[in-house]
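The chain below stands alone, shown as structure tokens; this is the form predicted alone.
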Amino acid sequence: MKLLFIVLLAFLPSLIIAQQQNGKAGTNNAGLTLPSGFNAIIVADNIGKARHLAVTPQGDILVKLARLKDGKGIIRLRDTNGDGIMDSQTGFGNYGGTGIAIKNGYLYASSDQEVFRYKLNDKNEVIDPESPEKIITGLINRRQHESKSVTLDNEGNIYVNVGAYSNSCQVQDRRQGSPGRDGCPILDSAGGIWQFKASKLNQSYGDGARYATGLRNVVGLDWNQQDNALFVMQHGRDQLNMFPSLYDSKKSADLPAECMYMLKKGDNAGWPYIYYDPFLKKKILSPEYGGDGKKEGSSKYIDPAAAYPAHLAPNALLFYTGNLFPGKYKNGAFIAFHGSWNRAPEPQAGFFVVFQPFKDGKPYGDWEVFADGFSGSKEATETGRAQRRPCGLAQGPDGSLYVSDDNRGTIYKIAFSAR
């Protein structure tokens, strides 16, 4: 009996490490619920408030932190021994933020008011981490919807979200019954997507173009290679129950939809004047601008490409182009829903990654929950006290899917193995 106890003690550290990586002992899903044939591991943990991420062809993970950790805002993770776990961690960049992307030999990263780029060597390593080039400056930051997410096209342009520093452009923001501001002056410098040159230094609003407007806040966006077009996920407005004669708490919890938009230059998605009702399948005039919950908004505003439940906070969008996952996932979209805070007294919801099938470059069929369990429990989800909250998505060189969590700083790797 004594000998058995000694043997168990010898193996205990390995068992603890396995449990930490896999979420629970005896599983290989890091505590997540996934479709059959998929598995997940935790490749890094406690790295800071991990927002968006990018993966190099060599397999290094570059993570943008919302806030500095040990004075660094970008973390490079590397697996040095080939076991799948990122055992090397280095940092650079003296600014927090959200956006990060790799394109044509450069790493792009954003703070809440600027965008930088770093030249990469032939191993996709940053050559001079202490001296980035500042390519965009002076973007508005009023500490509401301030994150500057980025993506790039194939023609040398970079697209930046500038979120609206308001819920619905009221005269008094988030005040019961307050009307909307005429002409919503916020839209001059926020509430849309701006297009800049990816190689020009020190650009501001005057050097770029307001590519699309009427978007309250976009955190998740990606360039769809099939369509050669920009797709974005909008955070829909909150608190329709500020007009209690029109919306009770249930309606306010269920409206409006979180919307995916396919954008062309000059498009207007309609914020703050309209919202999208997924039950009526119509663009409805906002109560701040004379709406009654039924009156339709102007047809000049574009329709969403797809709609999802209210207040789930879509924080990342990724078009899957790899070959590791089954064929149905090819060219479809993964969306990371950060989770709600404002559905009370209804249960909170979200905290998962969903998959949206696409066909011929357009959403096709129903979306489905792909990865769940980040929150830790049903109770944690419904009370909004999630242990982890999905925020960023990236595709690895082998076709695996990486998911970041900005609560505990966890990075997951999701792979597929046929059985």
Partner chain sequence: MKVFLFLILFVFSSLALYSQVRKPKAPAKASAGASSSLLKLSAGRGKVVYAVNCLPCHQADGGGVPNLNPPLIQTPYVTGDKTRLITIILKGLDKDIEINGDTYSNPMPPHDFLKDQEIADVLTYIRNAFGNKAGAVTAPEVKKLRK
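Note that the structure is predicted; figures quoted are calculated from it, not measured. Residue numbers count along the first chain shown, from 1.
Another form, the form predicted in complex with its partner chain, is not on view; read the next lines as being about it.
The three residues Trp341, Pro345 and Arg389 all sit with a heavy atom within 4.5 Å of its partner chain in the predicted bound form.
Among the residues Thr90, Asn323, Gln172, Gln225, the one placing a heavy atom within 4.5 Å of its partner chain in the predicted bound form is Gln172. Among heavy atoms of Ser204, none comes within 4.5 Å of its partner chain in the predicted bound form.
In the predicted bound form, no heavy atom of Lys378 sits within 4.5 Å of its partner chain. The shortest heavy atom separation between Lys49 and its partner chain in the predicted bound form is within 4.5 Å.
Contact between Ser298 and its partner chain in the predicted bound form is not found at the 4.5 Å heavy atom cutoff.
For its partner chain in the predicted bound form, the listed stretch (90-98, 149-157, 345-353, 225-233) containing residues with heavy atoms inside 4.5 Å is 345-353. Contact annotation for 58-80: a single residue, Arg67, has a non-hydrogen atom within 4.5 angstroms of its partner chain in the predicted bound form.
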